[in-house]
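Single chain ahead, by itself, as structure tokens, in the form predicted on its own.
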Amino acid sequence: MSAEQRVDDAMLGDFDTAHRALAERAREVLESNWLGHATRPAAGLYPHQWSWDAGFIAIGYARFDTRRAAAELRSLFRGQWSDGMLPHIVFNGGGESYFPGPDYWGTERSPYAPPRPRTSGIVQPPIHATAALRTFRHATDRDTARALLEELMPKLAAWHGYLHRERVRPGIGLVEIWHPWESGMDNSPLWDEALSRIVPARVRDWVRADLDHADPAERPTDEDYLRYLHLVDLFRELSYDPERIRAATPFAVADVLMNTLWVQANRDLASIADIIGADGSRFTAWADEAAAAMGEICWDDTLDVFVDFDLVAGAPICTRVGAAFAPLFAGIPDADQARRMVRRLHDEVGEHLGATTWMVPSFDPSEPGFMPTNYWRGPVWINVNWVLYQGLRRYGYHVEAASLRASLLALAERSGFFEHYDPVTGNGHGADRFAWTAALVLDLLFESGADDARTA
């Protein structure tokens, strides 16, 4: 155990007995998933390093081990492409049974992909500048943390530069995704209509390794995977060239969660620039541009939330999902919009799930397609709720924030560290001993009661 961890053992002494035990269990989950250079999300189902997982995991590490948080982010950026793209998977040497693996992605077709480590060819939400800044702010060793910021600054700038250059269409102002996997919310009902435009030209001719580690009833269907792989096939045939993909993809969406994290990440990258004495004005401008565009394009005056926009159909996606409340995290809504969003939140959670389960499911429980244990079609995910918790605090909704935090901690204490949870029963589903669940529980544990009593 490092000296830093021993220091933070003393910090754990401030917890009550139950929360100290929960923190120790969470740290053990992270340690069991540590690969020596990075953290896998979970044994078996997720044997590699995923992009937004790494960001959330670093946020948890930042609370008790600055060096481990730094190592997590450094490892992820080993896979960065020379055009700045940060791929959604950085493959490890093991886990050869995972599908689709590096041979299927065939990213060597792109002149920008690194030969090693091998990676996927798409992105995930840009949580990384936020994770790096939180690592600095929570560091017990500020010199080490500042060195991390100086090292990552050009890499983060290149990553944000890629997104602004290749994923923001003129006149739109929002980052777009070209694959459901890029949202992180793989089989969300958000994508149903857009995916229905895809008629796969193949039948299933692969082995789904995920079904060896999870209940098929809790995973995307074969039909979903046919469409996912159709998009991968298209991108591979286009050599992962952004301009060609933008012109050809049948799936292009301005996603609320993606753009929320984009806005906050740019503000955080501007703060990092200020800390190390660099110019962060362009990141502030990008954040302002996207926040304004979300207000113009994504706010729904009837639903009282922000909704995704289908760029191919030229129409909003009025499907009610938990991530619709995410813009609170980045300070995007005005005060009236925030009030209406929180009122809607009370209606959706309180009316359909009851006051004893104050957590936000991934899909509106009143919708006919609500499935409480099926991946992104109903379950509670800790990361989306963590984003909402931060947003509620930001706008001064301290009672709701404290209730959400208490519910999330009680859920982990009762059911363990699962990938997602049934919002009705609280039972855990998906992968067990899931790393970002443990990491974000740790972050929530270190939030004091005083933090919930003031505006973030």
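The first residue of the shown sequence is 1; numbering continues from there. Just so it is clear, the structure is predicted and the values come from calculations on it, not from any experiment.
Just so it is clear, the following notes concern the form predicted in complex with another copy of the chain, a form of the same protein that is not shown.
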Exercise for the section: Would you please decide whether residue 241 lies within 4.5 angstroms of another copy of the chain in the predicted complex, comparing each non-hydrogen atom pair? Expected result: yes
Exercise for the section: Answer yes if any heavy atom of residue 365 is within 4.5 Å of a heavy atom of another copy of the chain in the predicted complex; otherwise answer no. Expected result: no
Practice task
Examine residue 151 and determine whether its closest non-hydrogen atom to another copy of the chain in the predicted complex is within 4.5 angstroms.
Solution key: yes
Exercise for the section: Using a 4.5 Å heavy atom cut-off, state whether residue 170 contacts another copy of the chain in the predicted complex. Expected result: no
Problem - Among the candidates 342, 195, 278, 71, the residue which, in the predicted complex, approaches another copy of the chain to within 4.5 Å (heavy atoms) - result: 278
Practice task
Name the residue from 114, 316, 100, 331 that puts a heavy atom within 4.5 Å of another copy of the chain in the predicted complex.
Solution key: 114
Handout entry: 335, 396 and 397 all contacting another copy of the chain in the predicted complex, non-hydrogen atom within 4.5 Å
Key = no
Completion exercise
Assert contact_stretch over 152 to 160, 374 to 382, 209 to 217, 253 to 261 against another copy of the chain in the predicted complex, heavy atom within 4.5 Å, equals 152 to 160
Exercise for the section: Determine the residues of 282 to 314 with a heavy atom within 4.5 Å of another copy of the chain in the predicted complex and present them in sequence order; the list may be empty. Expected result: 282, 283, 286
